[in-house]
Ligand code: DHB
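Read the single chain below, which is given as structure tokens and is the form predicted alone.
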Amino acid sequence: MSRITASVYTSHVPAIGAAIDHGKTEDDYWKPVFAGYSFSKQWIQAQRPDVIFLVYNDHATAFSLELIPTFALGLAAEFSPADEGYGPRPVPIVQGHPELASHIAQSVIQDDFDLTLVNKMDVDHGLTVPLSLMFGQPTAWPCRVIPFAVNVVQYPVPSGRRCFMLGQAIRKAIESFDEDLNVQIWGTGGMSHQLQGARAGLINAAWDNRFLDRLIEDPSGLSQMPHIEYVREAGSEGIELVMWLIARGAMADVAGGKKPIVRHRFFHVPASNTAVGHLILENASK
């Protein structure tokens, strides 16, 4: 049977992708950001998954205000990088896993989660920047990727509790797939940032680090945090962090297993106008 071996959490700042694409990773400004992922690149070479279930949010590229799915699961065989107004990023086409994605759809929908099933979709920086941070600039991504887009752009957005419960349903679905696959689940977005209004540029490092503490030690309690706290403490775009709760809900300890092993934790301010957070949790062996 398939199994989830680890979860990865990371910001997906678009300027990080631009820094990679334009060879600026060693610039004084960017070097500390990318140094925080040096361990992660080594780790994933040793723990390379067969499939990544990648939770992210679309930034008005695949979906506009004409159609706003709360949860959208990519079923296609491949997903091209989106043109976000300055041409597609020069990164490989994402190869999907239609068989596992379809199985997840069947299982999760039967567990009473309504998903939008997407058979054609371009993927933007929300998905490609995390892949670049972990894998660098390969000619082809080294594993399959199932995109899972969450609406955290236009209210109403899903609650942290709903996302945490969805992660549990995704774990159940993956573990019931009749193929021996090493699957990782990634939660992306955040951390604290606000891109507009009187509080534009807001970063709350103390709150971000408390969030990381609770994500590790008390994910169930963290899932009860109301939307207003995300917005008040982490800015209007801080609500992206509910997507991390999907990945955390899929870990074994939530279903009664052992606590995950913290392989890596990183936090840095600033990157563009956001805080960058990054965490790797491994499921403990039985």
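Just count from 1 along the sequence shown to find any residue number. No experiment lies behind these values; they were computed from the predicted model shown.
The form predicted in complex with the ligand is left out here; the points below concern that form.
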Fill in the blank from the handout: The one option of 77, 205, 195, 93 with any heavy atom within 4.5 Å of the ligand in the predicted bound form is 195
Completion exercise
Picking from 31, 259, 232, 59, the single residue whose non-hydrogen atoms come within 4.5 angstroms of the ligand in the predicted bound form is 59
Handout entry: Interface segment, criterion being heavy atoms within 4.5 Å of the ligand in the predicted bound form, picked from 187 to 195, 210 to 218, 127 to 135, 104 to 112
Key = 187 to 195
Problem - Contact of residue 271 with the ligand in the predicted bound form (heavy atom, 4.5 Å) - result: yes
Practice task
Could you list the residues in 239 to 254 that come within 4.5 Å of the ligand in the predicted bound form, counting only heavy atoms and keeping sequence order?
Solution key: 240
